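For reference, the chain that follows is the form predicted on its own, supplied as C-alpha cells.
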Amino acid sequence: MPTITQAPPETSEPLKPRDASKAIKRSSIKRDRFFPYALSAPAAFLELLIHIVPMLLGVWIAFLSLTQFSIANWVKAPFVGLQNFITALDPNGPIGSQFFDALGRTFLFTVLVVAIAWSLGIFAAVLLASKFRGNGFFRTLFLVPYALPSYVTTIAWAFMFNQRDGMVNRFLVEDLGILDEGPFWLLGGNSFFVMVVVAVWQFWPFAFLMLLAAVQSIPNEVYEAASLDGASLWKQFTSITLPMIKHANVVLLLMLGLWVFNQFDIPYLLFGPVSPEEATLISPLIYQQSFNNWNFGVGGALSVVLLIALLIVSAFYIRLVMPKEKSIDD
C-alpha cells in the first residue's frame, strides 16, 4: 500500500499587511533621507569646481615664486614660504607701499559709496512706501540702473566723462559756463570722484529694493499710533522705521561693503588695465601685480591677505551689530 508523505511545513510565513507597511515606510524614509543630497550634489560639485578649488589653488600660489619664468610649468615653481607675504606687506618696499595706499583708498571708497547708496536707498524707500499717483513709475525708474548690465553703464559713464567731447564737460563748459575748460575726469585726482559716482549709480538701486521691502513690512498701525501721540516724521523714522528694519540693514550693509570693497569692474572699465595712482583700489592692484607684472605669487599673497581681512571684518561687524542674536532671522 503506497504511503502518503506530507510536505514539510514552510519555515517562513508571508508578511502581514502591517509588517509590509512598516517595511515600505522604512524604505521610503531611507530613500527620502538621501534624496535632498542627490538634488544638491550637482550644485555642490559646481561650487567646489568654480569657487573652492580655485581659492585653494590661489592660496597655494601665494607660497610659490610664480613669475613669467616659471608659469609654463607652475606645478614645479619654487616654494618660497612666506616671502611673498613679506614682500607684499613691507611698507618700505614698492609693492607694500602701493598696497597700504590702495588699502586706505579702498576703505575710503567703500565708506563713501555705501553711505551715499544707503542714504539714497532709504530716502527713496520711505518716500515710495506710501501710495500716491505715479508710485509704480518711480519704482520702475529707480531700478533701471540695477537692471542694466554693469559694463554697459560703466562704459557709458566713461564716455560721458571724456575730457574732449564728453557730455559732462559740454554741460559744464558750454551750457552752464561754470568752467572755462573741461577738466580731465579720468586722470589724476578727479578719477577717484568719478569712480565713486559710477559705483553709487550702480549700487543704490539694490539698497532701495531691499529697504523698500523692509519698510513695507512695517504695519501702518504703528505709524498711526505714533502720529496720534504727536511724533514728528523724523521721530517716526528714527524710533520706528530704523529699529524695525535693523536686520535688513545688517544684511544690506554687509553685502554692499563686501561688493564695493572687492570692486574690480568699475575701475577696469573706466581706466583700463592700469588705474591712475589716485584711483588704484585693492582688486585692480592685485590684477596689475598678477597679469601686468607677471608676479602671480605676490598677487596670490595679496588675495589671501584681502580674504582674511574681509573675513575678520565681516565676523566683527556681525558680532558688533547683533551681539545677542543667534541668527539674522531670529
Partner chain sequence: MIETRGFRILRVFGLAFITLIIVLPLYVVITTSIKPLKDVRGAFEWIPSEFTLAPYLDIWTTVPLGKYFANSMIVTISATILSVSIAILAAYALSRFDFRGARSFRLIVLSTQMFPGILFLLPLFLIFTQLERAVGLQLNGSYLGLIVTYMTFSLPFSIWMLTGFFASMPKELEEAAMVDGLGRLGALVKVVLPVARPGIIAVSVYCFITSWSEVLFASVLTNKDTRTLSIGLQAYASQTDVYWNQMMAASVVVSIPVLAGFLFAQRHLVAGLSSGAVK
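Throughout, rigid core stands for the largest set of C-alpha atoms superposing within 1.5 Å between the two forms. Positions refer to the first chain, counted from 1. Computed from a predicted model, the values in this text were never measured in an experiment.
Form predicted in complex with the partner chain: not shown, discussed below.
Review point. Pick from 80, 248, 95, 112: which has a non-hydrogen atom within 4.5 Å of the partner chain in the model of the complex?
Key: Only one option qualifies, and that one is 248.
Point to revise | in the model of the complex, the residue from 138, 107, 100, 193 that sits within 4.5 Å of the partner chain by heavy atoms | key: Contact residue from the list: 138.
Review point. With a 4.5 Å heavy atom cut-off, would you call residue 157 a contact of the partner chain in the model of the complex?
Key: Yes, residue 157 lies within 4.5 Å of the partner chain in the model of the complex.
Review point. Are any of the heavy atoms in residue 286 no more than 4.5 Å from a heavy atom of the partner chain in the model of the complex?
Key: Because a heavy atom of residue 286 falls inside 4.5 Å of the partner chain in the model of the complex, the answer is yes.
**Study point:** Contact label in the model of the complex: residue 149 to the partner chain, heavy atom within 4.5 Å
**Key:** Because a heavy atom of residue 149 falls inside 4.5 Å of the partner chain in the model of the complex, the answer is yes.
**Study point:** Residue contact check: residue 224 to the partner chain in the model of the complex, 4.5 Å heavy atom
**Key:** So residue 224 counts as contacting the partner chain.
**Study point:** Non-hydrogen atom within 4.5 angstroms of the partner chain in the model of the complex for each of 63, 69 and 87
**Key:** Contact check failed for every one of 63, 69 and 87.
Review point. Going by heavy atoms, what in 247 to 270 lies within 4.5 angstroms of the partner chain in the model of the complex?
Key: The stretch 247 to 270, when checked against the partner chain in the model of the complex, contributes 247, 248, 251, 258, 262, 264, 265, 268, 269 at the 4.5 Å heavy-atom cut-off.
Review point. For residue 176, is the CA shift between this form and the one not shown at least 2 Å following rigid-core superposition?
Key: Shift of 2 Å or more: yes.
Review point. After the core is overlaid between this form and the one not shown, has the C-alpha of residue 274 moved by 2 angstroms or more?
Key: The answer is no; the displacement is under 2 Å.
Point to revise | Rigid core superposition, residue 265 Cα moves 2 angstroms or more between this form and the one not shown | key: Residue 265: C-alpha displaced by less than 2 Å between this form and the one not shown.
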